[in-house]
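Okay, here we've got a single chain as structure tokens, the form predicted on its own, with questions on binding and movement later.
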């Protein structure tokens, strides 16, 4: 995904990726990414956990809006199966 993100960015479209392999993400040089220590194949979280999944989408969109430097890899520290997730404040993201 990182190589695809770089190509899309080169065309002028901002991107953000969610990474489960930090060393690979660093090596590829993605424009911006969120790294979580979750099992492979689950970048948005556990199945049937919509609040957790929306939290990841919210974090990615927020990073897309707020990242000021290229190559940023954010680590929000979300935990797999040991954290209670609530609905993100979507109004905060769009500034209302």
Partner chain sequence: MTKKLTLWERLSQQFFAVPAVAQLWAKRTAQQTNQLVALVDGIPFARLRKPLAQCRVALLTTAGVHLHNQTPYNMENPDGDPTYREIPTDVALDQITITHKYYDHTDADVDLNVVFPLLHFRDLVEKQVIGSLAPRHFGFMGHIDQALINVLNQQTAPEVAAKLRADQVDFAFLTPA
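Positions refer to the first chain, counted from 1. Note that the structure is predicted; figures quoted are calculated from it, not measured.
Just so it is clear, the following notes concern the form predicted together with its partner chain, a form of the same protein that is not shown.
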{"item": "In the predicted bound form, residue 9 touching its partner chain (heavy atom, 4.5 Å)", "value": "yes"}
{"item": "Residue 14, heavy atom within 4.5 angstroms of its partner chain in the predicted bound form", "value": "yes"}
{"item": "Its partner chain contact at residue 74 in the predicted bound form, heavy atom, 4.5 Å", "value": "no"}
{"item": "Residues of stretch 29-48 in contact with its partner chain in the predicted bound form (4.5 Å, non-hydrogen atom)", "value": "29, 30, 31, 32, 35, 37, 38, 39, 40, 41, 42, 43, 44, 45, 46, 47, 48"}
